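The chain below stands alone and is given as structure tokens, in the form predicted on its own.
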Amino acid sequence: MLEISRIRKHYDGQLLLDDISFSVGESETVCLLGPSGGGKSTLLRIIAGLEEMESGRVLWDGQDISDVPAHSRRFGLMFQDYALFPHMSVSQNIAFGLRMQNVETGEIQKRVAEALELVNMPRFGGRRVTDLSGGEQQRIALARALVARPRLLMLDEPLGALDRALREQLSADLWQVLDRMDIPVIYVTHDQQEAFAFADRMLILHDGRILQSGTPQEIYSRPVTPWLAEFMGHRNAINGEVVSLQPLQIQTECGLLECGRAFGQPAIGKKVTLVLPADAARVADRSKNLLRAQVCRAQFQGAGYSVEFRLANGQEMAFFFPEALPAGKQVTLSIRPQAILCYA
């Protein structure tokens, strides 16, 4: 299907995309995830043919389409701001691209009706887009991207302009639409939960490069760098020094910790960073991996509590517990060795 090969792009004298290569398979949804301003939208525009690259290739089914104009690539692109025409009706907005392609009027009407049905808005064709809510405009923008029956669909932060409640509601609707379309999709977002919901495979774009590729489960549980661990929500980090390799043991300011997963090449005496996921701790008095801590506060988060602790060295960490712990209580935290991520 789609193959991206060694794309490079500078912006304002800075390297924005550096040797980007990946593929998207048939019916696969690939999420490009990374911080805002990292080049994700630029990469989409290059794939769509709306922006030039300095080097690299865009291939479809093995054929190089790098020089094929955007309107001939048959790729659908939905922009973050929707880019709807305020002076047109809903139907006119959806039909705009088909009219530019000189599609016959009867066929246009048929496809517009199908697209409106697909996004569950069959009776909205005559309305002006300025009369629609943000969520309704999002669906119309999606219908316009789908009406041309694209062979690849690209979505640029499609839920980014919506409030959280509406985003959660439309996320489920969008997933159902994409599932029915059964075409390859590139989904750009900076929101981890969105990527988890949609991705068959995630690509982490950072500093112009693809830092890691894998399923949402793989990247969440095994981020390859401390930066990515923090980006994925693992914000508890502590420095230490390797004192044993079999088992891997790290001496920290708060005690000796044994860990099961290492990235890089740990060696005796080497400085490392340990990342402790929020679900790695429990209150217990066991023989190893113990941290003495004082409860600072507990924040309710629906399914449980994020409990903040102050460790013996004054550092603060937060772990997830099913029940709140009283502020000021002195506790002993037991950290599961297999949950700890060690970065050499």
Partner chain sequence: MNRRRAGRPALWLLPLAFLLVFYFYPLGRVLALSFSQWVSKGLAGWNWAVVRDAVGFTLYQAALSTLLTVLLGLPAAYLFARFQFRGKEFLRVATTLPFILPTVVVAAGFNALIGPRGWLNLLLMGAFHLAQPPIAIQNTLAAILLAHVFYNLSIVIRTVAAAWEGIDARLENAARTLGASPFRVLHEVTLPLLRPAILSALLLVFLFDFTSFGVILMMGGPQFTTLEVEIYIQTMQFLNLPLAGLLALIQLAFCMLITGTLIGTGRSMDVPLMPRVRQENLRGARGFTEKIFVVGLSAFLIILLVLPLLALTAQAFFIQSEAGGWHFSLTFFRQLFLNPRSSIFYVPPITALRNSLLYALAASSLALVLGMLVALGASSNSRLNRWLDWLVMLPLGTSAVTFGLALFLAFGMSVSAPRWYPLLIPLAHALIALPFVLRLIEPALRSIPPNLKWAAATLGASPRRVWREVELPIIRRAAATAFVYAFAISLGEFGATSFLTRPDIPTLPIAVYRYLSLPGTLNFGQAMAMAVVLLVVCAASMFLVDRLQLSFNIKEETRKHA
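Keep in mind the model is a prediction, meaning the values are calculated, not measured. Numbering follows the first chain given and starts at 1.
Beyond the structure shown, there is the form predicted together with the partner chain, which is absent from this document and is the topic of what follows.
- Although the partner is absent here, M100 lies within 4.5 Å of the partner chain in the predicted bound form, judged by heavy atoms.
- A residue is said to contact a partner when one of its heavy atoms sits within 4.5 Å of a partner heavy atom; L205 fails this definition for the partner chain in the predicted bound form, lying far away.
- In the predicted bound form, none of the heavy atoms of R180 sits within 4.5 Å of a heavy atom of the partner chain.
- Within 4.5 Å of some heavy atom of the partner chain in the predicted bound form lies at least one heavy atom of F79.
- This chain appears without its partner; in the predicted bound form, the one residue of M88, L256, A237, V224 with a heavy atom within 4.5 Å of the partner chain is M88.
- Contact with the partner chain in the predicted bound form, defined as any heavy atom within 4.5 Å, is confined among 311-319, 298-306, 60-68, 272-280 to 60-68.
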